[in-house]
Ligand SMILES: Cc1ncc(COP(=O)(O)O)c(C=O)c1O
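Heads up, the chain below is alone and in the form predicted alone; it's given as structure tokens.
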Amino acid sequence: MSAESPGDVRPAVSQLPAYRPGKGAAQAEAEHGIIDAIKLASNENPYAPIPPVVDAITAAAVGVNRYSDHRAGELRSAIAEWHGVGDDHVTVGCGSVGLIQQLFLTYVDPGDEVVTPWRSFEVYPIDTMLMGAQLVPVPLADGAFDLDAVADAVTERTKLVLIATPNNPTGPAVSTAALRATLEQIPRRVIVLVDEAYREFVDPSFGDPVHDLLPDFPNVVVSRSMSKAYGLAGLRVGYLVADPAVVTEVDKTLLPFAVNLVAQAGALAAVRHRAEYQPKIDVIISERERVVSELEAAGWQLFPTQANFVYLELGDRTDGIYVELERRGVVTRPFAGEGIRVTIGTPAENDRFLAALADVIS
């Protein structure tokens, strides 16, 4: 049999790094011969969906012999009403990460440039490489964005600017006032994504780009997720709010029936019952502040996080501390040679992390 690989793989794909999800607790247990590990690696909500959402998912499951509504029209309408925009300003996709890929498919050609602060969301360089485009990374300043440098990095070849706020993995957010000043410097032909996967954990004083920016900047696209605050990570539902002309084009790249029947039902129930999630969100925010306070009291210098995670800048100590935490049953997300990101879990899980970290560095 020939040793040659079947097919002629595109260079952009053959050189592509695979997306690496956070390690699961069961995998860590198997690797280290431990029990009762906890996963604080993927920024998931530690609490189960509320009963109306579970009921909606269960009821929808009996209908999975039929295709879902490709455009998720009822869910789009509910999201539009929630945010006070027309239905034509909203599109729904397979997680916000799926919608980000759709943005690339819609706007980016080989040789184009994509500008983003870095380090940021790991999918950005993967999608850029997939399209044969060039990533233009703008270094962070103390874990946050240098927005003037972002604007300066835009050239005639730039098609997308990607701004994750709060930034994943470091945690700082940017205000709509600061974003407005940056947008004034960027040509309207350039699409600017404001990636708000962690929107619900952000202090309201940072503003709302849907209302503060979209009316004046038709090139702004806001992405949000039902995975984090609403605990639907396993269903994969996200949405974009944008100018109708952008929505029309992005919709063309949606994989048929990408948002399945059960996902639509669960997300729709979550939107309709979103007030019932607020106590859970408030607990996570409160726990975030407690974890930050205890870490700072222990001498850690942290970036100001507005997300449901904290980031420890560790440099060459990263791998060693990550492994030792895992051996103690606390699974976090490492970024080799840089630091680790730790999801805010339940109070008991957060206590385990703090105790394990103190033990590791003692």
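Since this is a predicted model, take the numbers as computed values, not measurements. When you see a residue number, it is the position in the sequence shown, counting from 1.
There is another form of the same protein, the form predicted together with this ligand; it is not shown, and what comes next is about it.
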Of Ser225, Thr116, Gln102, Thr128, which residue is found within 4.5 angstroms of this ligand in the model of the complex when only non-hydrogen atoms are counted?
Ser225
If the cut-off is 4.5 angstroms on heavy atoms, which of these, Ala133, Val97, Leu254, Leu240, is the one near this ligand in the model of the complex?
Val97
One stretch from 184-192, 273-281, 163-171, 288-296 that, in the model of the complex, holds residues within 4.5 Å of this ligand by heavy atom:
163-171
Within 4.5 Å, heavy atoms only: does Arg236 come near this ligand in the model of the complex?
yes
Should Phe121 be classed as touching this ligand in the model of the complex when contacts are defined as heavy atoms within 4.5 Å?
yes
Evaluate Ala72 for contact with this ligand in the model of the complex, applying a 4.5 angstroms cut-off between non-hydrogen atoms, and reply yes or no.
no
Does Val259 make contact with this ligand in the model of the complex, using a 4.5 Å heavy atom cut-off?
no
So which bits of 185-203 sit within 4.5 Å of this ligand in the model of the complex, heavy atoms only?
Asp195, Ala197, Tyr198
